[in-house]
Ligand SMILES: N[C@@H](CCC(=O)N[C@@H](CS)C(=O)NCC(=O)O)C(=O)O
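Next up: a single chain in structure tokens, the form predicted alone.
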Amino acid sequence: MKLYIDPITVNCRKVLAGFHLMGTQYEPVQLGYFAGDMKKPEYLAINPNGSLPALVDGDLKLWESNAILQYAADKGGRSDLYPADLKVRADINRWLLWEANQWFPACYVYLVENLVKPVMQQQTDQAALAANDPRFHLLAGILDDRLGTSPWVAGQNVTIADIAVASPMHLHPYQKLPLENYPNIRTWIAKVEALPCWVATDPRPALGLT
């Protein structure tokens, strides 16, 4: 399997951490996000969305980071991390969809405004942050409530749902995510950050962050 990535991005870090957790074997193909490599014709033939990451396995060209995690878990037989039990899997799938549709956009505003723009010497848009705050706090409340009844996002054990949901907040101190009122999220993200797969895929050195 070939995995097309730039390890500094949220969704690439997600897949890299997930693959490390699952012991998935793959051939990395490094692209430059800021160089716009994902907009080149040869990559668009793999992923017409022009986004990262993408997986090629034989004649399968697969995009969407959560779909890649699901595929790799099933291919590798990692039912411990993506259980086949219908209700457990439905719960994990629910959180994967929630992450992609709700949580990622809410966290991404802080990433852009508090990290990316300063790095690029651009002005932070405080109005954009203020406008996003209500949505973030609504969603953070949902996640915090869940983690108040379960040590991991989808039950008693770590699954690919934890990797997916943690990824949009993977640089939370630099994103300045307002987590002060969410003790369960803070406890859980500390556990995720202690996982070997998370440590091994830390993008901070590549970003010049300490």
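Heads up: residue numbers just count along the shown sequence, starting at 1. Source: prediction; values computed, not measured.
Separately, the form predicted together with the ligand exists; it is not shown, and the next lines address it.
The stretch from 175-183, 161-169, 145-153, 59-67 that comes within 4.5 Å of the ligand in the model of the complex, counting heavy atoms only, is 59-67.
Annotation: in the model of the complex, residues 9, 38 and 51 each come within 4.5 Å of the ligand through at least one heavy atom.
In the model of the complex, none of the heavy atoms of residue 26 sits within 4.5 Å of a heavy atom of the ligand. Along 70-90, not one residue places a heavy atom within 4.5 Å of the ligand in the model of the complex.
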